[in-house]
Structure formats: C-alpha cells, structure tokens
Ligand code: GLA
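Listed next as structure tokens is one chain, alone, in the form predicted on its own.
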C-alpha cells in the first residue's frame, strides 16, 4: 500500500517510544517467545486487500468466511479471515478505537467467523495513521490490543506506514537511530500482544525494506514482509520470487519470511501462472493468504488453492524454506528439504515463450542426486521418474513440481 505522510507527531512518538527504544538492537534471528506457540507452520487464510482494497465491509468478511467453508478451503487448512486496512473509525474520549460504519459490530463479526471454525484477523500501524489514512495505534498500543483481544481477534497485521515519518522526525539524517526506533515500535506491539494472554499471529509489514528477516524475530513477530507489494501479473510475481534467494536460513517454525499475499485468481493471470505462483509460495514455506473473490472464484482457481499435495508441501513441519539451486536459460530449479528426508523439486519455465527455447535437461548432480529418482508430480498426481539429462518441456510460466519421498 502507498504510505501516508504524518504530521504533528514528534512529541507523541517520543513519549511512547523512549523506553522501548533503549532496547539494544540485535540482528540475531531468534524464534519468537514460545508462549505464543502460533504459526508453527506458515499461516493459511485469506486477506481482504488484494481484491477489495478500501471497499471491504462486514458483509464481505462474512461472505468470505462462508465461501472458505463451502469451497473446501477451510478443510484444506485455510483458517484466518483477515480484515486489512480501512475498518478503523475514530477514538472516543477515553482513547478507545471504534470501528467505522462498514464494521458496525466487530465482536459479532468475530463470533460469526469463529462459528464457522475459522479465525479473524485485523490490521493496524505503529504510526499515527494507517497506509490508507485511518487511525493507527501510536500511543495506544496496549489499549488497542486489549480491545482486539476482547473482540476475539486471532491475527494482527502491523503495517509500518506513517511511522516512517516518526522515524524521520525523531532522528533526521540518522539511519541507525531510525532503525532502532522502528524495531522498538514493533517490539512494543509484540510485548503488548503477549501481555493479553491471547495467542495472536503477529505479522510485520514494512514493504520488504530494512532487512527485517535479520531482526524481526526478536520483536516477537511470526512473519515479516520480504518485498514490496505484490501485483496480479507474472513479472511482479517472478521478481518477488527472485528476491527470496538467500533468505531460507531466516525461516522456521513460528517465524517465516513473507513474500506477500497470494494473487491466485486475480487480474489476468493464466492458470499456469496461478499454478506456478502457488507452487513457488509452497516451496518458500510462505504464508498462504489468498486474496481473491472467494464467493465467485472459478472451479479451476479453487482447485489450485485446495491442492492438498502442494499445501502439504507448504505446511511441512520441518519448516525449511526452499532454495534456488541453479538457473539455465529461462528455467529455474528449486529444491526444498522435507520431513523424513523427502525432497521437493520445482522446475519453473519463467520465460515468455510457449516452451523454453530448447528442451530443458535437468542436471540431477547439481541437486546432489544420483541415478533415477521416483516421485509424484503434485499437479497431475502421477508417479514420475526423473533421470539426469532427460528432456523436459514446460509451457511458458508453468512448473513441474515433484516430491521425492526417498531421494538418493
């Protein structure tokens, strides 16, 4: 989302962050405190922003929850129904944040979502305003979180937005101090979340800047954005994929790299692009947060989102993110190590041509494998055997995704 400039915030920011900002900065990628015990596998659910943007309402959230049940998504593992920006109203005389007219009763909405066997997520910002210009949590962190807990909220997306203005105001021309202020702000909310005693997933959104993967776990975060916002087009999706290279060591149970929400079913993505997008997010052990129009999705989109084999890959409890092993021409080869010694292999044709310029020949030795490898194609469901230098033809922007239960 586009950032909104802040104003008249220096005094408030200083008062609310002074104590927290004294915490020494650390880049140690430690796991969030065990008291949370959430997101031990990447969170799965749906978020309102990619499809509804500013227009989401209570009715839309209820319809999304209904569709998650009716489509089989809930039974496939999708749990969270997340309200993004623009739900916020004004604060009353006691500083209590009200929801706006689009969301007349948040507690009733949470009760409805819970009645479906699902969980409800919400959105805020450490700044005075959210990205869309609504009321943020600056100076009201503990108060807001107590309110969220009383409603029955299960997930918080915390978006940096106007807090960059706070950083620039408090520490002009001092990037190190600005970073310290940012980390302190996110830590303050992490501490407030734990103090409620209610388990909530804590998701940081800062547009992929500032190498969050190096410090976000120490704030109590369960996931953190690694890139700028996604868009429903292949070039942006592939650019995000390429930016994940080298980040695998920062992810694991309870703390995940987040390449942003899914665009499966949005824009003019082809079915092959939807399939590849979903496959690579699974290889990345990424959160699977759908962002499409759930009540009106096509059967083909539903089948992509509910592919149990690919979901199982994403949710593998070993929690090891996949890595790109090599690229040849327009073809990328990724692997991901799984529980029990299994291995997932993804061969992606990222090029614009119908097929790669010539049949691609998979080099098993580069994957540390020797001899024929028997496995399952996770999109066709068929048994396959991979051999070194065998010709593989993959359509433009499509993928071969194979699980090898006993690689050798």
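Fair warning: this is a prediction, and the values are worked out from it, not measured in the lab. Numbering follows the first chain given and starts at 1.
Beyond what is shown, the protein has a form predicted together with the named molecule; the following relates to that form.
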**Asked** Heavy atoms within 4.5 Å of the named molecule in the predicted complex: which stretch among 185 to 193, 111 to 119, 221 to 229, 290 to 298?
**Response** 221 to 229
**Prompt:** Does each of 49, 84 and 132 have at least one heavy atom within 4.5 Å of the named molecule in the predicted complex?
**Reply:** yes
**Complete:** the named molecule in the predicted complex has a heavy atom of only one listed residue within 4.5 Å, and of 266, 257, 279, 205 that residue is 205
**Request:** State the residue from 314, 159, 154, 273 whose non-hydrogen atoms include one within 4.5 Å of the named molecule in the predicted complex.
**Result:** 159
**Message:** in the predicted complex, is there a heavy atom of the named molecule that lies within 4.5 Å of any heavy atom of residue 261, even though the partner is absent here?
**Reply:** yes
**Message:** At 4.5 Å between heavy atoms, is residue 148 in contact with the named molecule in the predicted complex?
**Reply:** no
**Asked** Using 4.5 Å between non-hydrogen atoms, is residue 123 touching the named molecule in the predicted complex?
**Response** yes
